[in-house]
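Single chain ahead, written as structure tokens, the form predicted alone.
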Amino acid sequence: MEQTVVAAVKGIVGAEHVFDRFEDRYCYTYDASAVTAGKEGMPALVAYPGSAAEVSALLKLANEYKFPVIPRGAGSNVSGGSIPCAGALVMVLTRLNKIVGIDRKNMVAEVEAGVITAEFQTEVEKLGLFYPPDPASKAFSTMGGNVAECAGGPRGAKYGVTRDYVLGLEVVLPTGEIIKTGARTMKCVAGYDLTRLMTGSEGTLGVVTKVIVKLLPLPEAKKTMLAIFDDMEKAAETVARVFMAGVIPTTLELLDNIYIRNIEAAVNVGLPVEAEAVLLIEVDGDKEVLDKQVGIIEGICREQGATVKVARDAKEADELWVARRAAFAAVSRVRPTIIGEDCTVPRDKIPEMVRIIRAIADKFDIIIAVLGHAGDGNLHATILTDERDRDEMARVEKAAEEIFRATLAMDGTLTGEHGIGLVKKKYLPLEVGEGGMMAMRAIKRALDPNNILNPELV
């Protein structure tokens, strides 16, 4: 990058917010996925803008000098959506970290892109309100990053994903114009739905700088239970049966024996290490109806051969969730590289998908653990491997492709909440077809004629 450009970037955001040493730039060659840019993809510069106006100025500069820009929140995405390309400017949005306002009367809130999701949830809950999306990374992921990836989480079974709560955005287009999409109202049908277009666009169509979200009343109470199975298929079948009974749990998490054993070894909360699978189930709402819901779910689980334990108090429930949130870290003790796919199938196809994942693991002689937000069909087939083992990685690649093709054959989707990123880029045409790819590329060209913003993703 030319020194005149470096000087211009420092002039826009302040020299103290620009990093150009090799050691600093190298820290931005990876995110939470299994891919990395390496030395070949080293960014030229890392900058932390402090306002939408500074983001705009940086993008106008990028168009003038034709260098790529990679927006980034906390770098917690697992699809390689924020991996830079050589010579890029990495634009980190974490200085935009203010909760602009929480409107209790209208149940909406406005936040800057760099606000940490869990910190925002804590603030709205102090007012008796509720922001449901809860990605596993919520303790450090940002609201803007959640919008870019359309993040989900365990509560998706009842409450959906980030997209379902975004009412409007402030976005800086790739050419530097600052626009506002949507409104602070519950309904808005003015023009094209640019809010939905931007949500989940993975930093390719614009840089999100502010987010307006709708809020819900904080549920009065919740109950958590653990259903323990000695048969994985029975556990998977139970998921659809619960919904068919007319109960919509807040969460319905499926964990296989690999996860159970390693979580217990890591956090020691008394999980049944001999169980073939468990379902971690939570319901929320009015106190009067919770016991009825728990009774229905407990009955179904027992009919399926499970042993059921209902958490006696908040402490026991919290311990179960601490265990669940430790899941990905816990299985890192098995192999050093974790590849967490997030293929999603219709709920009634979960038992078949679990069988297929296990058969693929046997076929390619690799370890695949299964964890899932089973309530919304989102299965995390977790490949435990070692990226230094080239022979095994070749088999992992083939196994992943078979999982993707099986998912699509069941009318599923390649990703329920992680996004496509660099990890699944080559598989996207399998789902959307060449026509779909042409439409996406046309939108990209229209908004980003110089292909400035995250150019290698589309």
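Each residue number is its position in the shown sequence, starting from 1. The model shown is predicted, which means the values in this text are computed figures rather than measured ones.
In what follows, reference is made to the form predicted together with a small molecule, a form of this protein that is not presented.
Enquirer: Which residue, G156, P249, P71, P174, is the contact with the small molecule in the predicted bound form, using a 4.5 Å heavy atom cutoff?
Expert: Exactly one listed residue reaches within 4.5 Å, namely P71.
Enquirer: Identify, from the list Q121, T195, T385, S76, the residue with a heavy atom within 4.5 Å of the small molecule in the predicted bound form.
Expert: Filtering the options by heavy-atom distance leaves S76.
Enquirer: For a quick test of understanding: in the predicted bound form, does each of V278, G372 and A381 have a heavy atom within 4.5 Å of the small molecule?
Expert: Negative, none of the three is within 4.5 Å.
Enquirer: Looking at 237-245, 124-132, 345-353, 145-153, which lies within 4.5 angstroms of the small molecule in the predicted bound form, counting heavy atoms?
Expert: So the stretch in question is 145-153.
Enquirer: Would F140 sit within 4.5 Å of the small molecule in the predicted bound form, counting heavy atoms only?
Expert: Result yes; F140 sits at the interface with the small molecule in the predicted bound form.
Enquirer: Can you tell me if L93 lies within 4.5 angstroms of the small molecule in the predicted bound form, counting non-hydrogen atoms only?
Expert: Although the small molecule is absent here, L93 would touch it in the predicted bound form, with heavy atoms inside 4.5 Å.
Enquirer: Residue-level question: is A227 within 4.5 Å of the small molecule in the predicted bound form, judged on heavy atoms?
Expert: Although the small molecule is absent here, A227 would stay clear of it in the predicted bound form, with no heavy atoms inside 4.5 Å.
Enquirer: Is P84 close enough to touch the small molecule in the predicted bound form, meaning at least one heavy atom pair within 4.5 Å?
Expert: No, P84 sits far enough from the small molecule in the predicted bound form that none of its heavy atoms falls within 4.5 Å.
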